[in-house]
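Before any questions on binding or motion, here is one chain by itself as structure tokens, the form predicted on its own.
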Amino acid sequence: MKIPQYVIKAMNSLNHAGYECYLVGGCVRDTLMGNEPHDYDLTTSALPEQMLTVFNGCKIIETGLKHGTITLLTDGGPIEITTFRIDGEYKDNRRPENVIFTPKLSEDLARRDFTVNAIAMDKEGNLVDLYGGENDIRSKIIRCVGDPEKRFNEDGLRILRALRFASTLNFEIHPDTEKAIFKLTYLLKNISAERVREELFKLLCGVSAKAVLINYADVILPFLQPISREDLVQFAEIAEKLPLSAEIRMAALFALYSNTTKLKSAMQALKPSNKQIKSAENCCDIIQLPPTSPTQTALLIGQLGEKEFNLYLQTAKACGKDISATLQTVDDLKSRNACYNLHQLALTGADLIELGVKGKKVGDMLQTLFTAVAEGKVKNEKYQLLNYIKNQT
């Protein structure tokens, strides 16, 4: 493994001060899979106050200090560093009441969720793998560390994390872990909408989304109401053919088996951004009824932008919709150099006011001109638009 120099530097700082330090979690897993890690997490025997001393003068975020975590800001990127710890009692199926710092790496690895995430690596590339994580990576297996029921009772979100890893890594879930998932699905009721959304959206965009949606439909369905199990299984057959966007895949699901209103409700319950909700709504509308009229098509292109409009249109096609009429309308609009919003009209509201048009009639007249241009009744040239208006009045 080629560890970036900014990470080596941080590890050296801790080692030279007399503390153990290891790479841990996703960066080790990704490396063993032959993938380049997106970020790097370290675990160390240094206590929080000792880490602050080691990195005195460096840029540090201390947000997680009471739980033993600092974020070291480096030129290469942020590094999250956490003291070896044991989690205290879990009372809400989400977070421990407290953490206990420990000098033993083995005790820290024992608290982690899955074997593939419970592998530590020193700066020389030597592994500390107490739970067979490397073998599970080779076998493409997601398996809880220790007793799966205990792991999920500690943190219910781990149920969706297991599904997300299975989807994004193209792994299968170990039978014992799977059994615990179905038994304890109800624990997901205690998890915040934001955390559920993060895992669900990643799951939807995984390379193995189809298998996970089919095999674990009953786990996922509570967040996709009123979609039925049969609907979700049918949708799984096309899911991986859709663009890599969770909101677009959500839009496709509801466009095929429900409607835009229900989609909006489901999206709002998961608390994504307003932009994501609106994107999903627009996509759902286009999938359900691809536009054919020149005016509607031009307005949509102007509203969404040509790139986004085409993306939604191709999604509609992947969902089995006939978009040939819409494509013909788009070609016709381009061939006559039509405008896509009122601001692109060669005649402005100010021009109409100079002609004596007043009040609401200005907007009405601009809309009439926009429609006429879209339908090819007049060219978008000022002189021709003026003549068209005169002939209409």
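Numbers follow the displayed sequence, beginning with 1. What you see is a predicted model, and the numbers here were worked out from it, not measured in a lab.
Only in words, not in the display: the form predicted together with a small molecule, which the text now covers.
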message: Check for me whether the small molecule, as it appears in the predicted bound form, comes within 4.5 angstroms of all of 113, 155 and 165 - heavy atoms only.
response: yes
message: Based on heavy atom distances of 4.5 Å or less, which listed stretch (320-328, 63-71, 28-36, 349-357) is in contact with the small molecule in the predicted bound form?
response: 28-36
statement: None of 210, 264, 202, 271 but one has a heavy atom within 4.5 Å of the small molecule in the predicted bound form; the exception is 202
- prompt: Considering 117, 282, 297, 177, which brings a non-hydrogen atom within 4.5 Å of the small molecule in the predicted bound form?
  reply: 117
query: Taking the shortest heavy atom distance, is residue 195 within 4.5 Å of the small molecule in the predicted bound form?
result: yes
The small molecule contact at residue 249 in the predicted bound form, heavy atom, 4.5 Å: no
field: Distance check, residue 143 to the small molecule in the predicted bound form, heavy atom within 4.5 Å
entry: no
